[in-house]
Every structure is written in C-alpha cells, then in structure tokens.
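The chain below stands alone and is given as structure tokens, in the form predicted on its own.
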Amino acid sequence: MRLTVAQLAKRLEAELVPIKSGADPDKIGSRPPLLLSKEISGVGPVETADGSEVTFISDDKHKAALEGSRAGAVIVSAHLDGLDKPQLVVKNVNAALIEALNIFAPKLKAVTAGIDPTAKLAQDIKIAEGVFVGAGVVIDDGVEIGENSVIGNGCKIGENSKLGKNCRLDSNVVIYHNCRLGNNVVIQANSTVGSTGFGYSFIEGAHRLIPHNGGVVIEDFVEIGANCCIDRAKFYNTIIGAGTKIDNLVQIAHNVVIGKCCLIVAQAGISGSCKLGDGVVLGGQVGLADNVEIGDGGMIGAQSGLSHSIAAGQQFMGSPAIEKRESFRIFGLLRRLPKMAKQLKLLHKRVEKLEAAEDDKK
C-alpha cells in the first residue's frame, strides 16, 4: 500500500499542514507540489523512520527528536512551528496511529469459510455459517461455534464448550471442556483455557489434587495473548470480564474474577480466588497472592507483589507492594544510601576524634 501524504491525511481525517509555516492549509494551491505527491508506504518511530514512512508524536518529550527525523510526514495533535516536514494534525494521535498501522499492515491471505479435511470433528456439534476450521483441529461433542469465527491450525476444543460470533483462536490454542467464550474473543497461539487449577491437599503423606469441576467464562471483546494459561474454577466459573486485554505469558488461577476493561501485562500471575474490579491495570510480572481483591481502577506497578486487598483507585508498587507515593519516597532514599553511608562514616570518625579528645582531658 502506497499513499501520498494528502491521501493519507484524508484517510486519517487529518488537517494537512504543509512545510511552509506561512501557507494556508485550507488552500490546496498553497501547498508545495512535493507535499501532495510524496508517497508514504509505512509507519515508523521518530528515530528510525525514513522518507517513505509517517511517524508520530504522542507527547512533548519526543518533540526534540523530530528535528533530526527523516520521516516523510508526522502525525501530531497540534501544529508545530518551523518543522521541515508535512504535519497531519488530528484530535487523537493514538487513534490515528492505529488507523495508519491498519492501512499499512502486511496484506496476508484472507481466511475463507470452510473446514480443512484433516480436522477431526465429533458428530454432536454446531458450527454456524462462515466459520473456518484449520488443519489438525479437534472438536469434541457438544461444542458450538458462532458465525464467522476462525479456529486456527492445531486447536483443540473440549466437550460442551461454546464460542460466540467472530471469535479467533490462533494456532494450537486449547479450550478445555465446559468453557464459554463470548463474541469477538481473540486468543493468540498456544494459550490454554480451562486447565485444572493448582489446588492440592496433603493427605496421608501425599499431595492429592482437589477436583476442579467449574468452568471458564470469557466475555465479549476479550483479547488474550500467546502462551497464557487460564485455569478452570473449583466451583462455578473463572471469569474474564468484557473488554479486558491480557498480554503474553500470563497465569490466571482458579476462581479468579476479572472485571471489565482491565489491562494485564506480560508475566503477571494471579493466584486463586482473586477479584479484580473494572479498569484494573497490572504491570508486567505483578504477582497477586490468594484471595486478593482490587477495587475498580486500581493499578499495580511492574514487578510488584501484592498480598492484601486494596480499595478502588489506589495505586501500589514494590515487593511487598505499598502505596505508590510511599514507595517513591523509599526508592528516593535507597538511591541516596551510598552518599548517606559515606556521610555516616565521616560522622563516625568525627565522633571518635571528639571522644578521644574528651578522654585526653580527663
């Protein structure tokens, strides 16, 4: 895909500001011919974008880097004076960036409805119109798959599980028995939904597995990254709320309930029976102990370990996790420790000298 800067501006519904700072962007005749004919074929970051790519500035800290950028054009939220490249002024830079990335995305072969002959399908299943079932897929009895869903190569769907409309399971995803996926759910390659939870009792000298007879419910518009594990519930269901987005390599244990529109970043681990409200954010490598509850809008910083419940809107970080402002004070003191240690050593020597002088007077 190649578009001129003017064509891209139209696709992004952007105001096109030409190179000449005095030109009127509303008058086509005032725009330099080079601006209208220059072709863009991709998107790149400020530091490495070349003349055939559009870049973007989402915050002020990257403005300085624009001066040395070779990008063919830049997406901005407000006109920047003196810039030597065309500007595409938009209301929301991130929304325009998403659209630009979609425009210039690699054009892959389209998936068409149909069932690969190597797929192994049980007799008692319901597959709606427009569904694609890839090579080597195994679908057990009682499964239902909604319209226009895509089941990638090598997937396995267990008994009595149900998928809604427009779902996408990438290669080798495993959905165990009695799981429910809503509409527009995306699960990337090699993730597992509905595995048995990690629950054991030590009886007569051995760890005995506690049966996990519940299921997993994944609501509409949830997206799950690659190599994630979501355990089935011991009782009732593990629940992932609508609109929640989960990064790669995340572990969600049995009977966890996650609210709507949460963000859970890579390598986070959520222990059994935790409850997250709506809009909760967990940074990378966050660990939650059993039965922790986080209120709506709570945020936990990367690599934090949280062992107690927190109220709505609170922000915690550190291991063990403490309130963010307090943790910043502690981090600040930690950075000063080497200097403070030197000062303490000097003070100790001065005290020794003073004490020695006092002893000489006696």
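Residue positions are given as counts along the sequence shown, with the first one as 1. Between two forms, the rigid core is defined as the largest C-alpha subset superposing within 1.5 Å. Owing to the predicted nature of the structure, the values given are computational and were not obtained by experimental measurement.
One more form of this protein should be noted, the form predicted together with a further copy of the same chain, which is absent from this view; the next part is about it.
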Name the single residue among E144, E223, E147, D220 that comes within 4.5 Å of a further copy of the same chain in the predicted complex, judging by heavy atoms.
E223
Consider the chain as shown here, without its partner, and state which of N237, Q87, N184, Q188 has a heavy atom within 4.5 Å of a further copy of the same chain in the predicted complex.
Q188
Would A357 count as a contact of a further copy of the same chain in the predicted complex, using a 4.5 angstroms cut-off between non-hydrogen atoms?
yes
Would K107 count as a contact of a further copy of the same chain in the predicted complex, using a 4.5 angstroms cut-off between non-hydrogen atoms?
yes
Can you check whether D60 is within 4.5 Å of a further copy of the same chain in the predicted complex, heavy atom basis?
no
Please check if L337 has a heavy atom lying within 4.5 Å of any heavy atom of a further copy of the same chain in the predicted complex.
yes
May I ask you to list the residues of 169 to 191 that have any heavy atom within 4.5 angstroms of a further copy of the same chain in the predicted complex, in sequence order?
D170, S171, N172, V174, Y176, H177, N178, Q188, A189, N190, S191
Does H308 show a Cα shift reaching 2 Å between the shown form and the other one after rigid-core superposition?
no
Using a rigid core superposition, assess whether G51 undergoes a CA shift of 2 Å or more between the shown form and the other one.
no
